[in-house]
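Take a look at this single chain, the form predicted on its own, given in structure tokens.
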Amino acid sequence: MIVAEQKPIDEIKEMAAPYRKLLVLGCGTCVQTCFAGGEEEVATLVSTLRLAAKVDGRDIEVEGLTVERQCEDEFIQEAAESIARNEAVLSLACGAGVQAIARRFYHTPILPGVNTTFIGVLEKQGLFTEECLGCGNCELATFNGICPIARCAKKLLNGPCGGSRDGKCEINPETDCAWQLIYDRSKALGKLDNLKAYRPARSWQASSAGGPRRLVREDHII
């Protein structure tokens, strides 16, 4: 899932300051799971902004609403009436959701209320770890389910660097060395031979370095 964290309240207040009618729009999928932009976060932020405005002597109306997903028109439409009666939207969705709302409501300022961080997993309650960079050329079969692109600090494709020690990363000793994990899992699966072939230097043409990416499923286009 996409992992995000809510922006500092001072930054949010500064973005919202020019507007007297503001919609705080939550997203009920990824950012709700990581406690950044779901219904509870919307309710808390609405109350916080109202209280802050009162303390500052400002006249502001703050409305809260959460839709299932802000990245799909079907759910965006559910927010259309609320967006129309407000001057601006503070979106608590990921960057994709913010841009989807901005594209749909071209003449309404859409403000990002969270910082999108990475694609990851819930490792345990309250702990999210990055597992995927969305690089566009998945080789998890080669590396037996562990991605060196996302999980190796140096993105090495042919084994660990010389700085790893005792199965830990040179860059962050609290982080497991991705190549130690790859080796251990490959050995457990009896697939160490997967690692014998040399992996050539990576072409990043399919990554974000080549500009915005698109995935087209012709079989789903109507």
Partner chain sequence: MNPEPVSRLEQILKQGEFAVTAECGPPRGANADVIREKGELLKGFVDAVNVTDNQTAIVRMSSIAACVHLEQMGLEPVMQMVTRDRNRIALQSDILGAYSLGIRNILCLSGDHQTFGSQPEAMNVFDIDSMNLLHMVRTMGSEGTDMSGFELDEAPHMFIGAVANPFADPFEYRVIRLAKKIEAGAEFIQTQCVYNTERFKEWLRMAREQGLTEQVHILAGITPLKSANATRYMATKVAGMDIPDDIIKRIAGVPKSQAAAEGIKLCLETIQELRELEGIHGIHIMAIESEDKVGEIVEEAGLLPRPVVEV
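Residue numbers count along the first chain shown, from 1. A quick note: this is a predicted structure, and the numbers were derived from the prediction, not measured.
Beyond what is shown, the protein has a form predicted in complex with its partner chain; the following relates to that form.
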Interface segment, criterion being heavy atoms within 4.5 Å of its partner chain in the predicted complex, picked from 46-54, 28-36, 189-197, 60-68: 189-197
Check for me: heavy atom within 4.5 Å of its partner chain in the predicted complex, for each of E81, G97 and I101, yes or no. no
Non-hydrogen atom contact Q180 with its partner chain in the predicted complex at 4.5 angstroms: yes
With the partner left out of view, is K13 within 4.5 angstroms of its partner chain in the predicted complex by any non-hydrogen atom? no
So in the predicted complex, does any heavy atom of R202 sit within 4.5 Å of its partner chain? yes
Though only this chain appears here, would K155 touch its partner chain in the predicted complex if you measure heavy atom gaps against 4.5 Å? yes
